[in-house]
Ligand SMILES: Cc1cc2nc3c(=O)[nH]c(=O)nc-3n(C[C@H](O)[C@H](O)[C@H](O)COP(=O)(O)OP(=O)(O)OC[C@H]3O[C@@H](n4cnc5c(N)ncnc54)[C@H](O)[C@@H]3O)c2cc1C
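Below, in structure tokens: the form predicted alone, a single chain.
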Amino acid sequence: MAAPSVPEEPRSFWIDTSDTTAYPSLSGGVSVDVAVLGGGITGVAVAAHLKRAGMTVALVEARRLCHGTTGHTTGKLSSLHGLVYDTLTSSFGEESARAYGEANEAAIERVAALGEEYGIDCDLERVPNYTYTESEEEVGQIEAEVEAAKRIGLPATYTEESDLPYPIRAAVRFDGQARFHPRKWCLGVARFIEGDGSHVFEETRAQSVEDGRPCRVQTDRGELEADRVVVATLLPFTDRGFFFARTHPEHEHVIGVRLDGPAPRGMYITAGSPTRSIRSHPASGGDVVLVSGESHKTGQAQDYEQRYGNLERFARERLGAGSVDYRFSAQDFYPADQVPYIGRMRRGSDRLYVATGFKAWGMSHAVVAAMILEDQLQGRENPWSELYDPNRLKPMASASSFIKENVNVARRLVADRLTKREDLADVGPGKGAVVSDGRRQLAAYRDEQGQLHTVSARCTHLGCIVSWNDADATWDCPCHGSRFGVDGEVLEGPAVEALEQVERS
């Protein structure tokens, strides 16, 4: 059997197997009840729920719907998020752990219900989800997770069996979970948002939000007025709430492979490191198995190609991969206390709302956010609001992580300015590097034709020095996860302004 070869260029399975979109840009003069900023699964779900509740909404996306993290996810719809319930019970208490589980179970049902109601063919199929180990040393963690989940009424069982092509030592199994095509679901739901005073806008980047009556959203296409605003842009681009200091970005890599044998039907993730996530999806020519892992802090790796190679090696040696057809990557933000932030952005404010920090489990948490925010904007109580409250204070659960991550940011902010940089002449075709011109640090990329592209290396969010991602050909900020194209355009926030262009004589 020939060894698989990872594609040279990033290629997302979800984008490759779903429709393109062509919603208009904002042209000004729009006023709605709620502006929802961010057109991933969170924004789509929130906007759809609010419109169903009788509100007029404007869904605003900087690029194209679900081309960001949603278009580069593994698409698992589950309430089993690795090993989470034993930890939640210890940090937050059993009732909070129960709320977390109930919310995510309800999200699975809501995704299925909306898909059926709207007639969306999104390949949704009920399958079990497993967190497993091959190590005897981790069996105790598996057992503790099963007991914690069962105590709060979740569909957990202990098992030593799976449909993986290799033996496992133990696993937590949750039945009634689902695999689906997240982008097909989102685009299907989005079609029902437009009309009756509601809008979907693409290629419209929100740049600032003015809290008031009404709120004013400034975009690169003009101004939008709304009674209330939901910021669902992966990480809020506004500084209200300081979510950039209460989360940290992690980048994960994915390959899509075809197996020589049958593909596993269940969804899997390892309990320990290195993380390996596995799930299959039906596709033309046979199932594609998505294998992900190799997580690292955004902008803080130098071996991107090796990481894809590690996934390729695992897929070949453990799963029997015959070809590698896709490779892509995405990032998400991890909250200091391991629970996402969903609700009012600030205490006492009923105008600005946020949903962020989904820690790579955004398929279910996006819909949890939609249900919580629908209730809050309607003035109703929600049983999960307290747990997910962005203004909660859980010092015992978050202190060590908060200190560690912000020390890391401070170190990058200072040390990266002092690091010796390459010479511009050493940047070869197809390569990028941060260089110095004697006065400042530049992000320099030389394309395959030899043309040099130079921009300021200072991230426009808070001034950290970006680093080169050779697998995706992007400039990534190691502090708060902003990502930029080779010519400095913003690909992902919290930055809203492009890297400064630098003309070289």
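Start at 1 with the first residue shown and count on from there. Since this is a predicted model, take the numbers as computed values, not measurements.
Separately, the form predicted together with the ligand exists; it is not shown, and the next lines address it.
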Please tell me which of V46, V60, A444, V57 lies within 4.5 Å of the ligand in the model of the complex, judged by heavy atoms. V60
Only one of Y100, F358, W185, Y130 has a non-hydrogen atom within 4.5 angstroms of the ligand in the model of the complex; which is it? F358
Which of these stretches, 467-475, 34-42, 47-55, 448-456, has heavy atoms within 4.5 Å of the ligand in the model of the complex? 34-42
Contact at L114, I255 and H281 by the ligand in the model of the complex, all three, heavy atom at most 4.5 Å: no
Even though the ligand is not shown here, does G362 get within 4.5 Å of it in the model of the complex, heavy atoms only? yes
Using a 4.5 Å heavy atom cut-off, state whether E294 contacts the ligand in the model of the complex. no
Verify the contact flag for T204: yes if a non-hydrogen atom of it lies within 4.5 Å of a non-hydrogen atom of the ligand in the model of the complex, no if not. yes
Should P390 be classed as touching the ligand in the model of the complex when contacts are defined as heavy atoms within 4.5 Å? no
Suppose contact means any heavy atom within 4.5 Å; which members of 232-246 contact the ligand in the model of the complex? A232, T233, L234, F237
